[in-house]
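Encoded as structure tokens, the following chain is the form predicted on its own, with no partner shown.
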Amino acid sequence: MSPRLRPEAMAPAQAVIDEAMARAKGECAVLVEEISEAEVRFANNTMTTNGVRRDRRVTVVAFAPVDGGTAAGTARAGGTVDIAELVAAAEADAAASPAAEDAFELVEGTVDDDYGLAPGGTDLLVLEGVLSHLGGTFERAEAAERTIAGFAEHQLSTTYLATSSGVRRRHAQGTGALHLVARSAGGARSTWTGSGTADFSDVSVDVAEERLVRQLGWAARRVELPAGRYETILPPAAMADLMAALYFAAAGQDAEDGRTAFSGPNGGTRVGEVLAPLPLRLWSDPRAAGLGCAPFLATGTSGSDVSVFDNGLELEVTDWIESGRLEHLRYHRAGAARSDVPATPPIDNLVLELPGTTQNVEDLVAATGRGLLLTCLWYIREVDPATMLQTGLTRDGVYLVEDGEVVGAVNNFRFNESPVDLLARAVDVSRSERTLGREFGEWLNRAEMPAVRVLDFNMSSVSPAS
């Protein structure tokens, strides 16, 4: 940590905000993000590196009257910031910008009781429970001639938001992840498991180790399969990545413009259409147990579904899909007003569930005559926005299921699938659990997902990936 980023060398976030507000010539919003991080990495059954970091990001959004409405300009910087320069840059950007399509009256002031508190911090002590158990995991791996690699990381981010309309908000949020990869001697077999968490109190290294050992054991028998459509069980981690892709694409204005899989005829959307025969629910709630996130919008940039004019907007539970029916797409207030729909900004968590189900992954395996059980997906990229077709790879274990039992491992595949189509073809769903997508978990850490069984998952080609 460089001296300029030491907390004692920087003015309090509230003082930075007060100075920016005092220097602004017109309406503005100011965001200060205080970020504290701790990380450990390990390979070949031993710790390799660890470290802690602390940083600050400051964003000033200036609003200015221009021909045709109101413009917004943004400037941001990290570390110790020259506030006068930052405000001047934001105001210059606003003055040079056209009227904003997302312009709206600023959110009325709400003041949090904890706004005046200092930011929290994290350190390696948060990871102590993980580290204390990894020692035994490494010893057992050495004895069994397998290797463990991966990393654990934790971030505590404290966001301060203020606007010239009186908003004063503060939110502290912990975000952690554990990634573990186990390999057999020589590396011919490998498998992965990951966990998302707020503070590691709910992460068990022993449970993760049991999963890795079991999955490596499944791979003792190797079977080569060609490309094709297979009955496939997608575990919660894979569903987290596919539903993240769906969620990222669920912008209402983009759908109205005819650019996404949620576009309807004549400039409309598919809201109200049944997407899945099963009564699936996809929802977000900033106050969801174990998945809590910021209960207000805080953004330094505008997009088709999010607006700097909405800073401080209260976030509420939102059903994106209810009983299999598309209920909402994401809209900022200006877009919602134009389309006569509720404003539904993005929320930093996501849950997919089949209400009432008690099944687990093992039950889905037991119901499978012959099919595949995946570990995770990787290198996912969008092929066609109009259908939400995604392509990507399986990785670290694709297992063959016969007569309700895992009987071996098969080669990896490249897949081509649409998350929307998968929901329509789901035939079996387990109960949901906290999980971590391997591809998009960095951007959507707070997720609860079920395992899902489909009858015809498209493995488009064989992949040499391990």
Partner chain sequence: MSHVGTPSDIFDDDLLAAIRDTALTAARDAGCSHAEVRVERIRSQWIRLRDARLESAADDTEIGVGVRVVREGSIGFAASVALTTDEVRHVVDQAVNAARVTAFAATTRVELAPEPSHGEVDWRSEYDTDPVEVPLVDKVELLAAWSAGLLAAPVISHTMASVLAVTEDTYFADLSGTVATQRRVRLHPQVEALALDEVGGGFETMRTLAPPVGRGWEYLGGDGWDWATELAAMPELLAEKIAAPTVEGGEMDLVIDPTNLWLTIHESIGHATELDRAMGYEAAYAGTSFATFDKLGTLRYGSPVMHVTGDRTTPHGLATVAIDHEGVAAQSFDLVRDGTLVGYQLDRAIAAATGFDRSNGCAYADSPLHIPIQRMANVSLQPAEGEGPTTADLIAGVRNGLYIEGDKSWSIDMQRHNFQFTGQRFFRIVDGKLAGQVRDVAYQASTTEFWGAMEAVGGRSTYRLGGAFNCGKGQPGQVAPVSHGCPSVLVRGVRVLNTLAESGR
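Computed from a prediction, not measured in an experiment: that's the story for all the values here. The term rigid core refers to the maximal set of C-alpha atoms that superpose within 1.5 Å between the two forms. Numbering follows the first chain given and starts at 1.
Here the subject shifts to the form predicted in complex with its partner chain, a form of this protein not shown in this document.
Next on the checklist: Please identify, from 271-279, 205-213, 128-136, 319-327, the stretch that has a heavy atom within 4.5 Å of its partner chain in the predicted bound form.
Outcome noted: Every other range fails; the passing one is 128-136.
Next on the checklist: Taking a heavy atom within 4.5 Å as contact, would all three of 75, 254 and 258 count as contacting its partner chain in the predicted bound form?
Outcome noted: Checking in the predicted bound form: 75, 254 and 258 are all within 4.5 Å of its partner chain.
Checklist entry - What is the one choice in 96, 225, 118, 366 with a heavy atom within 4.5 Å of its partner chain in the predicted bound form? => result Contact check passes for 96.
Checklist entry - Of these, 235, 392, 176, 345, which has a heavy atom no more than 4.5 Å from its partner chain in the predicted bound form? => result If I apply the 4.5 Å criterion carefully, the residue I get is 392.
Checklist entry - in the predicted bound form, does residue 310 have a heavy atom within 4.5 Å of its partner chain? => result Heavy-atom contact with its partner chain at 4.5 Å: absent for residue 310.
Next on the checklist: residue 378 versus its partner chain, in the predicted bound form: is there a non-hydrogen atom within 4.5 Å?
Outcome noted: Residue-level check for residue 378: yes, a contact with its partner chain.
Next on the checklist: Just checking whether residue 10 would be counted as a contact of its partner chain in the predicted bound form - the rule being heavy atoms within 4.5 angstroms.
Outcome noted: Yes, contact at 4.5 Å.
Checklist entry - How about residue 427: is it within 4.5 Å of its partner chain in the predicted bound form, going by heavy atoms? => result Residue 427: no, not in contact with its partner chain in the predicted bound form.
Item to check | in the predicted bound form, residues of 42-56 near its partner chain [heavy atom within 4.5 Å] | outcome: 43, 44, 45, 46, 47, 48, 49, 50, 51, 52, 53, 54, 55, 56, in sequence order.
Item to check | Rigid core superposition, residue 407 Cα moves 2 angstroms or more between the shown form and the other one | outcome: Comparing the forms between the shown form and the other one, which are aligned on their rigid core, residue 407 does not shift its C-alpha by 2 Å or more.
Checklist entry - Can a Cα shift of no less than 2 Å be assigned to residue 47 between the shown form and the other one, given superposition on the rigid core? => result Shift at residue 47: 2 Å or more after core fit.
Checklist entry - Is it true that residue 128 shifts between the shown form and the other one by 2 Å or more at the Cα, once the core is aligned? => result The answer is yes; the displacement is at least 2 Å.
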